[in-house]
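Consider the single chain below, provided in structure tokens and representing the form predicted on its own.
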């Protein structure tokens, strides 16, 4: 029986790997040997592909494993996720549509490209700002990429009944992630995301319903049982008293704003075929992200009721599936978790490679490089980054939520710098540079020296300071023509 289950698990696993490889390879039929096509598909994604790649990028190994561990540990305080599931859709509509319009006008294809463009009058200051943002994106996103590999390596081991070791699973996942990104850039990533976005939604919802029904007789019964046995988990501050109102509020602010300006999310604002598609993708994104998480609280609470003292809560999803569902079905749902992790990891790898190519290599190493040359450079960078992710992953860094909070704190601080020039004519490159640097320093201090002062997450402290610095410094410095032109142009479009 054990051997049969291992065969089933490995078959499902490699069937999924094969499907991803074939999908990525088919995307090359439309490939152009240019860095613009590799980075943004040249802005050719349709509604289905755009909204699913955007949505799938938001969901990672955290969605399947980290959320259950979070609810297990803290209770329904986790529902601040609702905030950052609805708001990405709103951000896609309000912010993404404006960034898309500017990208069509000015040809933006990267993180720093945008900053050098809107703050262009600042010249060297704008370039320095793009470098600061590039470094922040590289550090925070690459660490987040590594935890996708960690979660999947564990699942490979589970689904194969131990035949695939943690180390081998890690290697398989990283090779697949690198291959998809390397062979087709954003187009291959988006195509595989489309399949994975549908797959993870169906697999996870069915898995949650089956486990809840088998263990408690249904989703609603889980909540009823939890209300009687562990009522403290259904309200703030949660099981451990950690989620005070200020911590809860500051966490969702940090995660929401931090995710909106993460490089792998931001680059998708350039990829839509039309403004209409961008707006409809925003609507479907909010619905998709929210609906996927409706069932998660029941599974987290079920895990707490069934395993009150489990040492590694992040690993409880496969435990519940293997106990309460047939092995073949459990393997199918776990493959959905693999899809969730891959859809985020390859997006992050792609975004960071674009940052290093367009924002670092081209301006500072080879300014005269043409589109085809940069295309090949970025592909080599993808391979190098894959090796770095592997090195980080083998050190096995901390829990999903901890790393997610760290990553989004660092990028949330950049939110004012990225969004202000879409609406405010007075913002300047000098103010933006000061805001970014000082904000990141504050995040570091409130993360490692004075941790979350007064129960408020470090990202919010960084965001507050960054916003104050941006406003004051913009008022005392000279207005810049490039920002004024961008805002005037956007106001003429979005009346």
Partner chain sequence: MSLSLGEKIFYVIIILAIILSNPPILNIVNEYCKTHPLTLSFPTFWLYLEIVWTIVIVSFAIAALKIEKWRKIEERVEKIFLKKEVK
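Positions refer to the first chain, counted from 1. As the structure is a computational prediction, the values presented were derived from the model and not from experiment.
Missing here is the form predicted together with its partner chain; even so, the following discussion is about that form.
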Report whether the minimum heavy atom distance between residue 376 and its partner chain in the model of the complex is within 4.5 Å. no
Does at least one non-hydrogen atom of residue 492 fall within 4.5 angstroms of its partner chain in the model of the complex? yes
Is it the case that residue 362, even though its partner is missing from this view, gets within 4.5 Å of its partner chain in the model of the complex, heavy atoms only? no
Please determine whether residue 132 contacts its partner chain in the model of the complex, using a 4.5 Å cut-off between heavy atoms. no
Stretch in contact, per heavy atom within 4.5 angstroms of its partner chain in the model of the complex, of 85-93, 353-361, 329-337, 162-170: 85-93
In the model of the complex, which of the listed residues (76, 142, 201, 319) lies with a heavy atom within 4.5 Å of its partner chain? 76
Quick one: from 138, 223, 182, 324, grab the residue that has a heavy atom within 4.5 Å of its partner chain in the model of the complex. 223
State yes only if every one of 100, 245 and 274 has a non-hydrogen atom within 4.5 Å of its partner chain in the model of the complex; otherwise state no. yes
Scan 168-182 and write down, in order along the chain, each residue with a heavy atom lying within 4.5 Å of its partner chain in the model of the complex. none
